[in-house]
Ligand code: 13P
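Let's start with one chain on its own, the form predicted alone, as structure tokens.
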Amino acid sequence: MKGKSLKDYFANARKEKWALAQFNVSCAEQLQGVVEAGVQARSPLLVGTSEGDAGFFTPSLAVNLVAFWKKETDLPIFLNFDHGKSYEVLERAALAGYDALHFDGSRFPLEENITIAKRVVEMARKHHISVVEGEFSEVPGGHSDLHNQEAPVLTDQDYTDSVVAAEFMKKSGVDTLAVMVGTLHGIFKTTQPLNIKRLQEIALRGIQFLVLHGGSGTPEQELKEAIQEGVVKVNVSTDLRVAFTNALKESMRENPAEIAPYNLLPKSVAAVKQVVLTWIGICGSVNKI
């Protein structure tokens, strides 16, 4: 599969019933841990930066560091701009050299969401970007470790409507769809089971590439069931943040007088690597280069 586009990898994943985890990063050391895991597992990699990540880890920096690691390792590494809330933000990412774009239009009325998503697709094709992700049902939760909080109680109205999903895909022209079937942004004290039946209903509408946001904190077996039903991408952010910062705190406790980052950060890189290896195993992308 080397030399193929991200969409080609999704097509292969769909056919063989595995998925790519998208690992969101906001610094070079997180990215290093992700890449080291990819090398060990011989897995294609999908790296993401959200608008928050990109505010610190700028789009140009992310693009250039990913390009460095691709050349250094010869791994297929793709970079996605995650949860872009406007056409303008995503256009800047495309100009910087991203491989994929996610337009999160869940805050807009459906028709306006479709209109903007269609523009994003047209713009992306001009930049030879093969994957544009759309979203109209918001995935609730925060963006951090919420172990001490109860998860929000979900009702039928919270889940992605399969009929609307098919309409959205047809009118917008996006390549992948982020669906809400029970995952949450962040890690909560409690969880609800994924609505696999709803996922099946969406897949039956002919939508080829489905995406789950909020992978962190979701039981492994449920994720594997979702992948069997057509999920080709699972977003992971909180798990990496928790691993990175906890390891950094430990290094600083053990070496309170240390001021050299190269002595404090290796544990964080290693911690991220272990989390990524776990997720590569869950998603089944080992040896899929």
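Since we're looking at a predicted model, the values are computed, not measured. Residue positions are given as counts along the sequence shown, with the first one as 1.
What comes next is about the form predicted in complex with the named molecule, which does not appear here.
- When the named molecule is considered in the predicted bound form, Asn24 lines it closely, a heavy atom lying within 4.5 Å.
- The shortest heavy atom separation between Gly84 and the named molecule in the predicted bound form exceeds 4.5 Å.
- Ser216 belongs to the set of residues with a heavy atom inside 4.5 Å of the named molecule in the predicted bound form.
- In the predicted bound form, the named molecule sits within 4.5 Å of a heavy atom of Leu184.
- Shown without its partner, this chain lists Val34, Leu46, Ala226, Val236 as candidates; in the predicted bound form, only Val236 has a non-hydrogen atom within 4.5 angstroms of the named molecule.
- Stretch 237-245 is the contacting one of 36-44, 66-74, 256-264, 237-245, since its residues have non-hydrogen atoms within 4.5 Å of the named molecule in the predicted bound form.
- Although the named molecule is not shown here, in the predicted bound form the stretch 90-105 places no heavy atom of any residue within 4.5 Å of it.
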